[in-house]
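Just one chain follows, in the form predicted alone, and it is written as structure tokens.
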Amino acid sequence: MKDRTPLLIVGHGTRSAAGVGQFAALVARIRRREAVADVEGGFIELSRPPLTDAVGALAGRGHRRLVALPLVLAAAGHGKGDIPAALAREKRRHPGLRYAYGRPLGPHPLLQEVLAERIDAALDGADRAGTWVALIGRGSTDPDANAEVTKVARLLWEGRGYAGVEPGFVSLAEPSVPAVLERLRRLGARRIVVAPYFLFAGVLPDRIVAQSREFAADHPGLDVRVAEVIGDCDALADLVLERHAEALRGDIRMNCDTCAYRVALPGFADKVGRPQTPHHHPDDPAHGHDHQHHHADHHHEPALRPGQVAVVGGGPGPDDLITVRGRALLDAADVVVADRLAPAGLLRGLRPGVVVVDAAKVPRGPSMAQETINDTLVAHARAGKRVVRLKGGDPYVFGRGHEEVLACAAAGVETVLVPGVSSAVAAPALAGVPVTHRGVAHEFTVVSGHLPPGHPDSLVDWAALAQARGTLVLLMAVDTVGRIAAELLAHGRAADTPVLVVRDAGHPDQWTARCRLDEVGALAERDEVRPPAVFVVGPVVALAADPAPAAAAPAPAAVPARG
């Protein structure tokens, strides 16, 4: 006799009303079949009804034994981590509740046939032989799930007469939708059907349509069509009921041979044994994990993929002045190439096994240091590592960050840029001085003091800066501040212009001093000011709440202030 154990269908959730409607229609279709004793469906986040309501409805009708089926196409983070965690919470809410957990829906011949039907509908009579198909999956941080989409693409091609089927992804994995369309164009395609490998409508399927249309508009000689998602249909209901029967038999096979949650794969070793948290899809602005059933400490997974380089600003020095995004990328890194000004405490807090490359120790020589750093970033990225280039301050403020971005681009390596808090504004602020203030300074200029006035390579117009009325912030100027002050005085800056000196800003041993512009060179020599130090010139210096005379000479530090 057929086991009619009640079925709980668990969806991830979407902000798309159409997608929610299709999910509800499928649940209703299965309920009408009367193949199981009872059916409810719910979402773990984003959509109503929530999973807890669906479980509560079944429990309220006396059911204590269920089949819980994750309505997902591939086993990835949602099916392996998020949904089981949500079900575990429901078991605590309903003592005595037991469930058999079903396996993902795909790949399955029923789905291949539905995909072919959707493609044929888009072709509208055009022949398959002259048609290339771009099968677009969601994309995952689990390489096994991405590999499964590639398998589905091959299965879809087998025996159906298409010119070819190529896999692509709309989020978190490559090739992207534009990239796979460009690949097919170069293979000679004249007609392409983009087939979303998605169950229901949603933000990401909408994005597939938008990106396909944009590519088609840029290539008017190319016939690009987009097929519908799988959607509510009899074939999908058949498959759900098949998975229900499998779960009751204990046949819940899931591929673990190449599952990054269980075995170490190149570039993914950090996943093994770690608790799963919801996944952030960087190109889906509506995708958040804010449902009430997620714990508050669940954070979004950072948007850094194997083979990418993140150029991250570490801030002005203290470990806790890095951005939240920068810290998240550091936590995900396989390799960190650290600037000499990078906050040291951040490096001590890296995961075990992370490779740290000290960029301050690369070979010196004319232009060699930066070239070697660039080569290091590219080499590790090409080896499939998540690479973070950790720099002091902001990478784009005297940090040569854009040189590294350009070098990666030239080598075909994708980059992510994370701004940082610059010492140009942080050091004065931490010393109690704003760089702008109503009625005092409506502008501020940040200048590198690395090259002194008169140096043939200098691009600074010191005469113009001397005439300015706002705030002047000097970075990397410990050795040149005396000559800079003399140049400003020679071109008209008042001798009594107040100057602030800040060393080791934000650290417990922060040292500050104030003086006149005509005194700063002597002060720097007398008190043996050493980097990292920032000089602030202008009337805002007088706004400091607590006048600070020159303190005892600071302890030497090894590196200049920057960024």
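Please read these numbers as outputs of a predicted model, since none were measured by experiment. Residue positions are given as counts along the sequence shown, with the first one as 1.
Below: the form predicted together with a small molecule, not depicted.
In the predicted bound form, the one of 316, 168, 202, 196 near the small molecule [non-hydrogen atom within 4.5 angstroms]: It is 316.
Heavy atom within 4.5 Å of the small molecule in the predicted bound form - residue from 475, 173, 229, 333: By the 4.5 Å criterion, the partner-contacting residue is 475.
Exercise: residue 397 in contact with the small molecule in the predicted bound form, heavy atom 4.5 Å: Answer yes; at least one heavy atom of residue 397 falls within 4.5 Å of the small molecule in the predicted bound form.
Partner contact for residue 76 in the predicted bound form: the small molecule, 4.5 angstroms, heavy atom: No, residue 76 is distant from the partner.
Close approach of residue 40 to the small molecule in the predicted bound form, 4.5 Å, heavy atom: The answer is no: residue 40 has no heavy atom within 4.5 Å of the small molecule.
4.5 Å heavy atom contact, residue 517 and the small molecule in the predicted bound form: Contact check for residue 517: no, nothing within 4.5 Å of the small molecule in the predicted bound form.
Interface stretch in the predicted bound form with the small molecule - options 423 to 431, 374 to 382, 92 to 100, 186 to 194, non-hydrogen atom within 4.5 Å: Selected range: 423 to 431.
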